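A single chain comes next, written as C-alpha cells; it is the form predicted on its own.
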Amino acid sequence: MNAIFRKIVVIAFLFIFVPLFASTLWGFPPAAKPRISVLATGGTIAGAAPVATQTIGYQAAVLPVGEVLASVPDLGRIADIHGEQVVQIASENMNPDIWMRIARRCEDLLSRDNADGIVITQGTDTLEETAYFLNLTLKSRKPVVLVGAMRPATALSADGSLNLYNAVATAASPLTRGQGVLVVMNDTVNAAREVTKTSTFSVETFRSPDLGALGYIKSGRVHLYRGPSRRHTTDTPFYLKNIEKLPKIEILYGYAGSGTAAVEAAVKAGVAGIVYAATGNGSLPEAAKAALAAASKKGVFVVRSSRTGSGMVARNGEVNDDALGFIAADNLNPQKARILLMLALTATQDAKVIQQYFDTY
C-alpha cells in the first residue's frame, strides 16, 4: 500500500506540481484563453419585464452589454471577454446601415492579433438576416457567432444566459474556424445561410429546414458533424471597402389572386430589384408575371423565391427565367435572397452573373 501511495505522489508531483513550479520560477506563461469580443445590439437577450412570468409584451434592448455579460460569470473560465455596445435596438429596427456598421466593426476587430473571435448578441426577429449579410461580406476565417434569446433576461427559465455561454464557447472553439458565420441558440449550431426563425415563441425556433444543424454544444463543448453547404466570407466577391450604400430591394408576397399593383408601386418607388416570394416552386400568377416582366425590361432585377419556407426554386421550372430575364433564388428564403441581391448589385449588373451568385453563395 505504501509503495502504491508513493507512486501516486510521484505522478502527482511530475504532472501537477512540476509544471506549476516551472511556470512560477521560470516565467513560463500559462495557457492563454481565447480572446472573444462580444458586440451587443439589444434584442430580447437584453430585454426586461416587470413580472418573471411575462414572456410577451416585455421591453427589448434594455440591459447594456455589461449587465448581459455579468449575468454569465462563467464566461471568464472559457475566454477573455471584451464587450461593447454597438447599438441598442429591438431587432425589427435592424437595417442595412446598421449591418454595415456592425460589419465594419467586425472587420476591424478580426484584423487584430488580440481577437480570436466575435459573438454578436441580437434580437431574433432579423438575426438570420444579419448573420447572412456578415457571412457574405466578412473577410476572415475567425469565428463569428450570432446569438439571441426567446425570453427576456427577467423571465423564469430565461434562455439568454446559456445561449450566450454556448455562443462564446463556439466562438472560442478551434473547430469553428473557417466555418463562416454561425448562429447558436438552444444548444444548436447552425450555418448563417441555412438557418431561419420558425416559431414566434419556442426556444427551439432557429432551424435549418433543408439541411439540418451543423452540430451541437454540450456542457460547453462544440460537436460539429458537417460544414456549411455554400461558399462564404473569404470566398465571396463582396467587399465592404467597395460598398458605400446598398441598393434598395423590395420583397413582394405572392398569393391567390395577386395582381400588378405591388409590383408597379415598387417600380415607381425606384427600387433596383424585387424579390418575389412566390407560391410553391416560385410560380407566378399571369398578372404578376406580366408586371414583373415589364419591370425587368425597365432594368429592375427580379428574383423568384418561395414563400413555402424550404426547398429550392428551380431555374426555368415554373417560369421561363431565360426568356423573362429573371433570377431563381435556389433555396434562399425571400429575406436572404434580398440580401444576396443587394450585395450582388454592388459587384455586377449582369443577371447571368447574379444567377451564378445565387447558385454559389
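Numbers for residues come from their place in the sequence shown, where the first is 1. Keep in mind that this is a model prediction, so the values were computed, not measured.
Beyond what is shown, the protein has a form predicted together with a small molecule; the following relates to that form.
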{"item": "Contact at Y58, S91 and M150 by the small molecule in the predicted complex, all three, heavy atom at most 4.5 Å", "value": "yes"}
{"item": "Stretch from 322 to 330, 62 to 70, 37 to 45, 300 to 308 whose residues place a heavy atom within 4.5 Å of the small molecule in the predicted complex", "value": "37 to 45"}
{"item": "Sole residue of R230, K289, K197, K142 within 4.5 Å of the small molecule in the predicted complex, by heavy atom", "value": "K197"}
{"item": "The small molecule: the contacting residue among D80, E204, D125, D210 in the predicted complex [heavy atom, 4.5 Å]", "value": "D125"}
